[in-house]
Each structure stands twice: as structure tokens, then as C-alpha cells.
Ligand SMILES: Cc1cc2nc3c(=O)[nH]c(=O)nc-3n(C[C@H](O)[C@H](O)[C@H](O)COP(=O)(O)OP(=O)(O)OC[C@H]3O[C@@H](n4cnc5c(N)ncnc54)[C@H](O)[C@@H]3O)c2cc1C
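Form predicted on its own, single chain, as C-alpha cells, below.
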């Protein structure tokens, strides 16, 4: 069987435009499986060839090396992985669903609980994997179960108590998330719409959305704001190549148009070094690096 032809595996596929910061090289292999059967076939193909597997969502919170990714990059964007179903006061959705679409579905069904994720340019799977959140809330608080597949092709459904969530992370890294069920609450549409509007306004006022970016670069240390610490090191506006630290929110690195991954990495290292020297605090990256 010609695996690559039948599964439409692309060689040396560009990834730059599939990330929110618009930086990155190519994937050695790239595929968007149509259903679970194709996903399993891809997993077995990669395992047989000892090929690393990466799952790409909306490309936020991600920096891809300009040298590219020497592995198989999967994007679960087909209808099979982006379905949404109403289950009473719960919503069950595929991991490839954009958070914005999920919030809209919940609004249409008068369900509240997802509004705090408004404006986050991610997918449900990525949000669960990194326990996305803001304004004192995170996605772990609404998850009731998650269906996953491991890199041996085994499928299981994990209840919330079987999953370990922490600040901007989970223990789901050894799996590919397939779908999840979220517990929400009935409400009135006007209330939900106001919540969405308020969260979007807070995001616009506090974050720099004028240039391509990967979201917050660092996790906030306990009792501290990473952005404030970086700002106190007088790094706002600092530029290396075509990448620069946001003058509005110091925990954002912006792409002026043609930034390279090395430009961003140099800024990240500079931010870490300055904060460590001034405050003796080791900043932990929130974004993921693929190379």
C-alpha cells in the first residue's frame, strides 16, 4: 500500500501560515486525517517508521523553528474532529473545534461557562492539553471527560478525576485528544452575550493584537505577573531582527512581518536572563517550541 498517496500525506509542507505568529519552516510530513480510521493508520505508519508525531491545532502558543519539523504533523480539522453535540446541559465537541465556534454554539443553546475563553485563538484540544485559561479561570474547571488515543492506537475515555491539570499544563501529553465533554449551566442569552463582550474588551485593552503573535510567552510566576516583571526590566519595545517585545504587554513578542524563530528565541532568552538577574525569578515558557 502506498501510505502517503492513500492518506494524502504531504512532504515538506509549509507551516508558517498555520501559526498565529506566522513563523516556521516545513513539516517533513503533514496530513489532515478525515476520520478516526485514518488517524489510526497514520499513527501506525509513524510508529513503524519511528517518526515523531506532532498535533497542530490553531497554531497559537507555538513557535516552530525555521528549520522545520522532522516528523509527522497532524491537524484534526475534518468534520469528524470538529463536530459539536448538545448533551443536556453539557456540550461534547471534537478536539479540532475552534474555541470561538464552541462559544458560539453554547450561546445559541443558552449555556454559560465558556465565555472566559473568548478571544483565545485556539482549538479545544490545544486548550485542554495546556489547560488554557485567563482571568482566574481555566478549562479544567468545566471538563467532565476526555476521549483520547495513544501513540499505540489505543483509545480510552478519561474521567475528570483521572486527569491531572495544573497551571497551563496537563498530563495529557502522551495522548492525542479526540473529543471532550464540558459541564455548563443554563442561562439567558443576554447574560452570556454580555460576558463574551466584556471578556473581549478586557483582552483588547490588555493585550497587543496589532501584530502577529503567539500569545503569552511565559507563565505567570506565583503572586507575580510575568509581563510586569519584564516591563520592570525595561524591555518593552526591545527588538531583535523583525521580532519585538510589545510596548503594550511585555509578555507578548510580536512579528513585524518577517521575524525568524531565532529572533524570537533570542528575545525569550533575554527576557528570562533579565528577570532572573533582577528578581531571582526563573520564568517558565508557556509557548511550545517545535524543531
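Positions refer to the first chain, counted from 1. Because the structure is predicted, anything quoted here is derived from the model rather than measured.
This next part talks about the form predicted together with this ligand, which is not shown.
Colleague: Considering this ligand in the predicted bound form, find the one stretch among 122-130, 100-108, 151-159, 190-198 with heavy atoms no farther than 4.5 Å from it.
Modeller: Of the options given, it is 122-130.
Colleague: In the predicted bound form, does residue 60 come within 4.5 Å of this ligand, counting heavy atoms only?
Modeller: Yes, residue 60 lies within 4.5 Å of this ligand in the predicted bound form.
Colleague: So, residue 214 and this ligand: in the predicted bound form, are they within 4.5 Å at any heavy atom pair?
Modeller: Yes, contact at 4.5 Å.
Colleague: Would residue 180 show up as a contact with this ligand in the predicted bound form if we use heavy atoms at 4.5 Å?
Modeller: Residue 180: no contact with this ligand in the predicted bound form.
Colleague: Do residue 77 and this ligand share at least one heavy atom pair within 4.5 Å in the predicted bound form?
Modeller: It does not: once this ligand is placed as it appears in the predicted bound form, residue 77 has no heavy atom within 4.5 Å of it.
Colleague: Exactly one of 69, 56, 43, 31 has a non-hydrogen atom within 4.5 Å of this ligand in the predicted bound form; which residue is it?
Modeller: Among 69, 56, 43, 31, a heavy atom within 4.5 Å of this ligand in the predicted bound form occurs only for 56.
Colleague: Though this ligand is not shown, can you say which of 143, 176, 114, 91 has a heavy atom within 4.5 Å of it in the predicted bound form?
Modeller: Comparing distances to this ligand in the predicted bound form, the residue within 4.5 Å is 176.
Colleague: For the stretch 15-33, return the residues whose heavy atoms include at least one within 4.5 Å of this ligand in the predicted bound form, in the order they occur.
Modeller: Contacts from 15-33: just 20.
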